[in-house]
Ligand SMILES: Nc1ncnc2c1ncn2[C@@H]1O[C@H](COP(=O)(O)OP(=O)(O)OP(=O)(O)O)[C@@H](O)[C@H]1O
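Shown next as structure tokens: one chain only, the form predicted on its own.
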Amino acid sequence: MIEATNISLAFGAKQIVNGFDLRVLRGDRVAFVGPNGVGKTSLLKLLLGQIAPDSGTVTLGTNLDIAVFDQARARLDGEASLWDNLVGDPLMAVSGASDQVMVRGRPKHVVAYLKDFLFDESQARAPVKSLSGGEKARLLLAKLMALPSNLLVLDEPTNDLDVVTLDLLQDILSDYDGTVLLVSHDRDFIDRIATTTIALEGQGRATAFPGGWSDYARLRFIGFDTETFDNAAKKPAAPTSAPPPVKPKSKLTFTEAKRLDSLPDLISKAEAELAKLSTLLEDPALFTRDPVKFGKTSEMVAKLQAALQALEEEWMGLEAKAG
């Protein structure tokens, strides 16, 4: 669907991404996380070809049909009724019919379609401006899900959503057979939806992790910096056991001594995470059930093994210096 190779982008002195690679396959659910202002939406626009990178290339797949769920709900006409918002959309209109809409290539009665999105018949002629934030989100979903899209872009979709609409959105995405790109701060929503999480951490650092928010948080908690993690695959496989804790010694700087003291714990956490991922790969049905998850998990295991090796090499180097 999308392939980004060594892309970089900066706005003045602010580096958004630097040397970033990503391959998005059909059916992937990719979440973008990070602090406000770090550049999540800018990276999304880069990947969609809406802005050009300073360097590197972005290649889009052929026959992409993109639907965008935006924060502003710009596709809705607030003065028009729910009915008119549907039948008046040229992409949904059915020739010669005023009570039907085209839903992914098939006509359906307006009221019946609105009921699919939890509206009752009495709301069909109400103006959109009278709806709550969650109801507007549901109407926008109704419009987007009618279109024959294969790439759905969700920019902060959970803002203003009530529990009912949030559950509906999750159900819709579970049945959606296209690709999803998602920008959100809702960690639980990301855990439920994402197969890959892209973490933007400032100063151009962007790293892809398999799984949702919780998977990303566990791997980052181990203590790898982004540069070590991204380059870890270049190193050999890790030994199986962690060195014992040691006390800082006087030949080290204060910072080195603190680092030496913390490394055994970091190594233990890395080994525990590696064991967890390796257990996941032992499931013989995983490849058949979810080949994308299998591939990304395998890649993460290889990187984690190499990063663990890097931690142990760092420990041995500091220990030798301390001795």
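Values in this document were obtained by computation on a predicted structure and should not be read as measured data. Residue numbers run from 1 along the displayed sequence.
Note that the form predicted together with this ligand isn't included here; everything after this is about it.
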Among the candidates S268, S278, S42, S262, the residue which, in the model of the complex, approaches this ligand to within 4.5 Å (heavy atoms): S42
This ligand: the contacting residue among D162, D188, D84, E156 in the model of the complex [heavy atom, 4.5 Å]: E156
is_contact(K14, this ligand) in the model of the complex, heavy atom dist at most 4.5 Å: yes
Any non-hydrogen atom of P284 within 4.5 angstroms of this ligand in the model of the complex: no
Proximity of T62 to this ligand in the model of the complex, heavy atoms at 4.5 Å: no
Proximity of L274 to this ligand in the model of the complex, heavy atoms at 4.5 Å: no
Heavy atom contact within 4.5 Å of this ligand in the model of the complex, the stretch among 6-14, 311-319, 297-305, 20-28: 6-14
